[in-house]
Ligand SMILES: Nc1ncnc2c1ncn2[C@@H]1O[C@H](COP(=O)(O)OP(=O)(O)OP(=O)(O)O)[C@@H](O)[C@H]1O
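Coming up is one lone chain in structure tokens, specifically the form predicted alone.
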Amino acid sequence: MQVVAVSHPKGGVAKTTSAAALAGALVRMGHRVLVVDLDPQSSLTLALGHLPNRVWPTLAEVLQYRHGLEEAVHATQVKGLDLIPASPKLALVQRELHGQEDYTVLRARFRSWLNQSSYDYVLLDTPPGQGLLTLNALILAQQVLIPTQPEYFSAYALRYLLQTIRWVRLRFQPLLAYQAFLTMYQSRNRAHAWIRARLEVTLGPGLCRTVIPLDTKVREAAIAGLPVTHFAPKSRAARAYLALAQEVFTHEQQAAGRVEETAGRVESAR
């Protein structure tokens, strides 16, 4: 099982729609997927067809130890895609976590349960900023996917998340990996092309080759409560998210192969 946090410090970078679309793409690839909404604004919950004030229990009740994880898992309109929803109550939970400086409650609640579940992927949709909910997600995850607009402020904010990833590696999760990808990309926009080129130099292999084009179908899909991969499977965005999921999946397989190869060499040396 792979646990992936989808995160960016800045809002408006298509983080939540990317989490939903990537989940849909992974389902298209034959995987069972659980998405977890960690944002008190509950945008992912809405994007997958649930009303935050009507669905219950939610992640807030799980983190407050009032309900078990299995009780908070809700089906979506897509077979093979389940959701642990958020609610505005998560804002209160985040304040409580700040007061306790609790960085690992999410890992404590999820780790043993996830090992027993049948999901192939768990996607954690984090809130903007770098509060305790985001830190908890990064500590639980094995990989961070970073959607970013090809805009100056969005690209500039990446440095703060990369600093946080380094901090998490030092204290909690030394093998935490990351990959960034561009969203709302317009190939004819000179500024977009320039920022893409700069990020290729700065991030190297940490930047995905696949870019997500600007596509109104993504917004329409959210209104319909479906990932764009299922709302408009032939759209440019749906095809791009499927290509991105395949790129990320291949990267994970290669990384796992390198780990096994290294372990084999160490064993042989003994």
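Residue positions are given as counts along the sequence shown, with the first one as 1. None of these values were measured; they are calculated from a predicted model.
Separately, the form predicted in complex with the ligand exists; it is not shown, and the next lines address it.
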{"query": "Which of 33-41, 201-209, 66-74, 53-61 sits within 4.5 Å of the ligand in the model of the complex, heavy atom basis", "finding": "33-41"}
{"query": "4.5 angstroms heavy atom contact with the ligand in the model of the complex for residue 214", "finding": "yes"}
{"query": "is_contact(residue 80, the ligand) in the model of the complex, heavy atom dist at most 4.5 Å", "finding": "no"}
{"query": "Residue 13: touches the ligand in the model of the complex, heavy atom cutoff 4.5 angstroms", "finding": "yes"}
{"query": "Close approach of residue 26 to the ligand in the model of the complex, 4.5 Å, heavy atom", "finding": "no"}
{"query": "Contact residue in the model of the complex, chosen from 158, 184, 168, 97 - any heavy atom within 4.5 Å of the ligand", "finding": "184"}
{"query": "Residues in 111-128 with any heavy atom within 4.5 Å of the ligand in the model of the complex", "finding": "128"}
